[in-house]
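First, one chain by itself in structure tokens, the form predicted alone.
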Amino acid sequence: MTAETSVRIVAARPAGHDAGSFGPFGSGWAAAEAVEAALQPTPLDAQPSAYVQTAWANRRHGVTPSARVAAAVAGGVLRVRVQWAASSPRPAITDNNVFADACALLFPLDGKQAELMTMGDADHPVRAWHWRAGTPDPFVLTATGLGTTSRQAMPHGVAVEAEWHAGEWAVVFSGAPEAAGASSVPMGVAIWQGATEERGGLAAHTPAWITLELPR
């Protein structure tokens, strides 16, 4: 079974741009087309914690309706920029009841088969590049189903830059494609808004895989 896709993003291969031009609001992104990806709340009945299902039964989560996503391959590195509106940013965890904004990119590790809604399974794992505001380095996580994430030790080869400006976050992930040598890879996006206490499995996400086309 090939992973279902709903949105197609073509990674640009711009010429004459150095790595510094691909910061969160860098000039290099003018060469890459940003695509609006619709997001939905993660299903509450799929949360692995019964407490979370009960505590959030009458609360909204996954409040981010969409994210703009662009990609570029420059200097042999894949860069993916995710932008979304955050009128009340949470740039760090400062107390036990304060939750930071965050976003993640998800990839099926075999490049073809995995169930996005369940974060993969034992036979078809999913890898996530995860940024959380207030942390200098991203997390690289592997999952074989809901509630099964494990964190990869540093160095893991993924970097991130993030900036909040004029009411929105722009986050740029940099690393090698998870399916090396492929002409396209499925990719998912998840967004957490700390202002509404989103964390863990409570997020907004793409309900189906995005197709990320990579230049040869």
Partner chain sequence: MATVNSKPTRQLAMVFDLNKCLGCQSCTIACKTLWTDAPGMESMWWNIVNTLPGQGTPRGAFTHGGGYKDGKPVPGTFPSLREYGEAWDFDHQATFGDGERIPLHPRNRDGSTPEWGPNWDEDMGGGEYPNSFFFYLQQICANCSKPACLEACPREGLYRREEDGIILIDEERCHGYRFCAEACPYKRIYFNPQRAIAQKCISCYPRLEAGVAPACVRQCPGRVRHIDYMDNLEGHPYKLVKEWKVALPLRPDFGTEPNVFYVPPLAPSAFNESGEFDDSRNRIPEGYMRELFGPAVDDALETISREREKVARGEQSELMDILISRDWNDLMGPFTQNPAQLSRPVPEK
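Model, not experiment: these values are computed from the prediction. Numbering follows the first chain given and starts at 1.
Below, we refer to the form predicted together with its partner chain, which is not included among the displayed structures.
A.B. asks: Which one, 63-71, 162-170, 47-55, 23-31, holds residues whose non-hydrogen atoms are within 4.5 Å of its partner chain in the predicted complex?
C.D. replies: After filtering at 4.5 Å, what remains is 47-55.
A.B. asks: Only one of 117, 109, 93, 77 has a non-hydrogen atom within 4.5 angstroms of its partner chain in the predicted complex; which is it?
C.D. replies: Only one option qualifies, and that one is 93.
A.B. asks: Can you tell me if residue 40 lies within 4.5 angstroms of its partner chain in the predicted complex, counting non-hydrogen atoms only?
C.D. replies: No.
A.B. asks: Does residue 132 reach its partner chain in the predicted complex, with heavy atoms at most 4.5 Å apart?
C.D. replies: Result yes; residue 132 sits at the interface with its partner chain in the predicted complex.
A.B. asks: Contact with its partner chain in the predicted complex for residue 148, defined as at least one heavy atom pair within 4.5 Å: yes or no?
C.D. replies: Contact with its partner chain, yes.
A.B. asks: I'd like to check something about residue 11: if you look in the predicted complex, is any of its heavy atoms closer than or equal to 4.5 Å to a heavy atom of its partner chain?
C.D. replies: Flag for residue 11 set to no.
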